[in-house]
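Take a look at this single chain in structure tokens; it is the form predicted on its own.
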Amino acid sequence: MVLRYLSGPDIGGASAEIIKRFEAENPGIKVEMVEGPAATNIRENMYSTSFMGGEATYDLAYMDVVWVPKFAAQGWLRPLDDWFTPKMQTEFLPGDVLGSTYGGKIYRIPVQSDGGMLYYRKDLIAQAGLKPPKDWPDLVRIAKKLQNPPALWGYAFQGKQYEGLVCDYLELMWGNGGRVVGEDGKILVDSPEAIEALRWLVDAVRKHGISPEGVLTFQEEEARHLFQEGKAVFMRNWPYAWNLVNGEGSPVKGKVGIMPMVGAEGRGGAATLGGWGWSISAYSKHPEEAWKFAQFATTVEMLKISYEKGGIIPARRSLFKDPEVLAKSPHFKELYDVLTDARPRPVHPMYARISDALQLHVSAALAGQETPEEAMKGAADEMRAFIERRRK
């Protein structure tokens, strides 16, 4: 029999190695990886098209964390509660487990973890006799003290109108006690806490001048290049940037520290959760075999292969204490603190629409076209309207 799944390009060959080992141990099962495009939204559409037709094209789905509520709400995924037990779940990072859950059931076993974090120039901060920031006001104060635009800016982030901007904003909003959606389903994004968090981000560009105007065009790589070229004191980005900013030839190699994103005074920061994992199609004719592969691919040994060959951040807690992993990536000690506090984006079947509304209005506020109050009220009104239409 053959199990199929769709994935992005197998950079480093980790997936091929895992499949090879699984097939060697399970001679009656073949696994076919359909290598799709790198763009995750296109792969999401490919899965959706197949599942909407009730087809068993894919037995497994290699899932982005933000797909889970949409796919689960549509009935496209098989609940894993009978297999992925609470005891097994404790072996994985808590945010990744939470992001795999919808409606009280678990639909995904985590593979790769990811979370937004704050990079900082530890050399510049130490030379000035300062310490890393403890909250957002502290970050602004340090950035203004150390920066010298345009040669050195205070803070680089993802300011373009896309999903990355939402991730940046959510971290500040959570760090200020705000929420997008309450437990009762009410939209809360126009709360004072949410508005104030947006004002922080807008002020970073328009009032304090710690971020360049060009940040409105920045995605992850533009922010990384500015920081890696030694032109920013702080940067919000994902774990992937660590190896690059510390690579051979990098002007800031060995001069960088990482920490969880900061929040309001007296509050802890928060990280937006990213990451991938295995789900099983509700239409698969081989669900037990599919689970067998998903469980195999998420063992300590296989996730170690994924880390070594593909550079992925493992979702298993134990690998952050593994001597071989720490020898290659000593920053995993700090990264663990970031990821253990990571939070999934709003777990809602209409998250894509929620994100679109946030992208539009947060971007308008950054561009000075709307005030933070107008932006969050506009986003909240749109969200309430389309959620109400869905209920009808």
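Every value quoted in this text rests on a predicted model; they were computed, and no experiment measured them. C-alpha atoms forming the largest set that superposes within 1.5 Å between two forms make up the rigid core. When you see a residue number, it is the position in the sequence shown, counting from 1.
What follows is about the form predicted in complex with alpha-D-glucopyranose, which we do not show.
A heavy atom within 4.5 Å of alpha-D-glucopyranose in the predicted bound form is found for one listed residue only; from Ser363, Ser50, Thr340, Thr40, this is Thr40. Comment: alpha-D-glucopyranose is not present in this chain, but in the predicted bound form one of Trp136, Phe293, Trp174, Trp238 has a heavy atom within 4.5 Å of it, namely Trp238.
At the 4.5 Å threshold, heavy atoms of Trp276 reach alpha-D-glucopyranose in the predicted bound form.
Within this chain, Glu334 is remote from the site of alpha-D-glucopyranose in the predicted bound form, having no heavy atom within 4.5 Å. In the predicted bound form, alpha-D-glucopyranose lies farther than 4.5 Å from every heavy atom of Asp190. Among heavy atoms of Glu220, some come within 4.5 Å of alpha-D-glucopyranose in the predicted bound form. Although the partner is absent from the chain shown here, Asp64, Tyr162 and Arg345 each have a heavy atom within 4.5 Å of alpha-D-glucopyranose in the predicted bound form. Looking at 282 to 290, 180 to 188, 87 to 95, 268 to 276, the stretch with residues near alpha-D-glucopyranose in the predicted bound form, meaning non-hydrogen atoms within 4.5 angstroms, turns out to be 268 to 276.
Interface residues of 108 to 134, taken as those with a heavy atom within 4.5 Å of alpha-D-glucopyranose in the predicted bound form (partner not displayed), are limited to Asp114. For Glu171, the Cα coordinates differ by under 2 angstroms between this form and the one not shown after the core has been superposed.
Gly368 is not among the residues whose C-alpha shifts by 2 Å or more between this form and the one not shown once the rigid core is aligned; its shift stays under 2 Å.
A change of 3 Å or more separates the two forms for Gly116 and Ala38: their C-alpha atoms lie closer together in the predicted bound form.
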